[in-house]
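Read the single chain below, which is given as structure tokens and is the form predicted on its own.
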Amino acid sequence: MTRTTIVAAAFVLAASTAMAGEHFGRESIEKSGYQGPETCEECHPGTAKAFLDTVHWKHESKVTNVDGIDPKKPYGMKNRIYVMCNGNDIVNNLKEIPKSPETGKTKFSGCNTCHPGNHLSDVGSTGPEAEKAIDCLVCHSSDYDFSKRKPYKDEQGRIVMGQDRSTKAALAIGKPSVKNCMVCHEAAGGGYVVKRGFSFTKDTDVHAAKGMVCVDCHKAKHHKIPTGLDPNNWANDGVRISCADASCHGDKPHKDADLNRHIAKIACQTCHIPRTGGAFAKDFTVWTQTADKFYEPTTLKKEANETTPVYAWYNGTVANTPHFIGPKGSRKDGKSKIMPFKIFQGKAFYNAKSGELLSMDFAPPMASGDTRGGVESAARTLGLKNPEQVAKSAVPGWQTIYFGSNHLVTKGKALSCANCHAPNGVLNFKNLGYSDKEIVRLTTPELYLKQLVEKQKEEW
């Protein structure tokens, strides 16, 4: 009998006797230690190979709902250029940046530092070595030592992303915790709540207050993670999630029939996510020196729950131009719902001739503030003709991006009737396509007075 068969058989027995939450491979790990994915494969054969076909590993997928791109080609963090990041895994692969002229020190930087591999087998890699490089525990261990997950140079001078493959971490294996997910997703875009502008705690989200974790909603199948629709978030595993899924809230989540009628045109997020946060402006043409004498893009940011969203119709398709990325839809297309969005505006360099947004290699500006040097380096990496001239003639410009608001869910502070239907309500009915006559009808207390008075009596 092979070791794999023995462990598999042990699982059948352990499943009926082990304490809730105890991993059935514990005895094997205690005896033989943790050897990486091959240890996991003893009980989960084929999982490593399957994981290589997910967005978390590839950082790209085919995208069919965005204007101006080829639906037959993959897009994502690997190759996309937009002004939240102004770079990607190709031009900002994990590397050692030039030494600071002031301190003589250097550091590692790269957009793919959150990639769950060892960097030797990098974004999108395949084959046996890539399978061995997967960092299973960074997502699945509740006792992972994140101080070990940092880049270093090996004896051959190659840059390697470290991993915690200790027996201690492996013995704490289980369903991904909030920390496992948020260590990357909370820090995306260059720092804490910069990109998405949300934290997931009992104080900021009703789901967290109930003890839920990210994967309770984002339930993976073969490590393919379901996601919601977001004009900014292109790459996906082909699996979608919404509040109205049958396993969650359904299409009649309220006891009040009037509220349930709104669901046909109003997304759940509109009422239940009244605030957002994160960066609302970045300037990649001027970098600011930080305390360590390195440089970062000049950024304006607010904390979670500090920003009021803007509301627009969204049917799941995306307008995409060099100066605008945002929701498409209207009240008349039969598919759209009113949804909340965080507006972000970024300044970067554009090609003087084509008008296309240019990417930036962060190494030169991070070391010395030389932003055009970063454009030249990126142009050279991407194979553009005359990269020096491209950088020299580049012109600065702004791009506006609508980020979907899908977290920071509240029940107690959800919008009420008056928040939307009072004359000074949060919804701009004019911009949403309503006529003056309709607006008069939609902004009268006649719609909600009786209901709110009754609720007021209950509170007394």
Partner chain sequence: MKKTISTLFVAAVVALGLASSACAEDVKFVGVITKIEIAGKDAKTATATVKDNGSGTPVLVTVNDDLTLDKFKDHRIVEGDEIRCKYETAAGKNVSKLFRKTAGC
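For clarity, every value in this text was computed on a predicted model and none was experimentally measured. Positions refer to the first chain, counted from 1.
In what follows, reference is made to the form predicted in complex with the partner chain, a form of this protein that is not presented.
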| property | result |
| --- | --- |
| Contact of F324 with the partner chain in the model of the complex (heavy atom, 4.5 Å) | no |
| The partner chain contact at Y152 in the model of the complex, heavy atom, 4.5 Å | no |
| Contact flag, F198 vs the partner chain in the model of the complex, heavy atom cut 4.5 Å | no |
| D237: touches the partner chain in the model of the complex, heavy atom cutoff 4.5 angstroms | no |
| Residue among A312, I90, A188, V318 with a heavy atom within 4.5 Å of the partner chain in the model of the complex | A188 |
| Residue among T167, Q389, T113, T126 with a heavy atom within 4.5 Å of the partner chain in the model of the complex | T113 |
| Which of 95-103, 143-151, 377-385, 223-231 sits within 4.5 Å of the partner chain in the model of the complex, heavy atom basis | 143-151 |
| Check all three, D283, L300 and F341, heavy atom within 4.5 Å of the partner chain in the model of the complex | no |
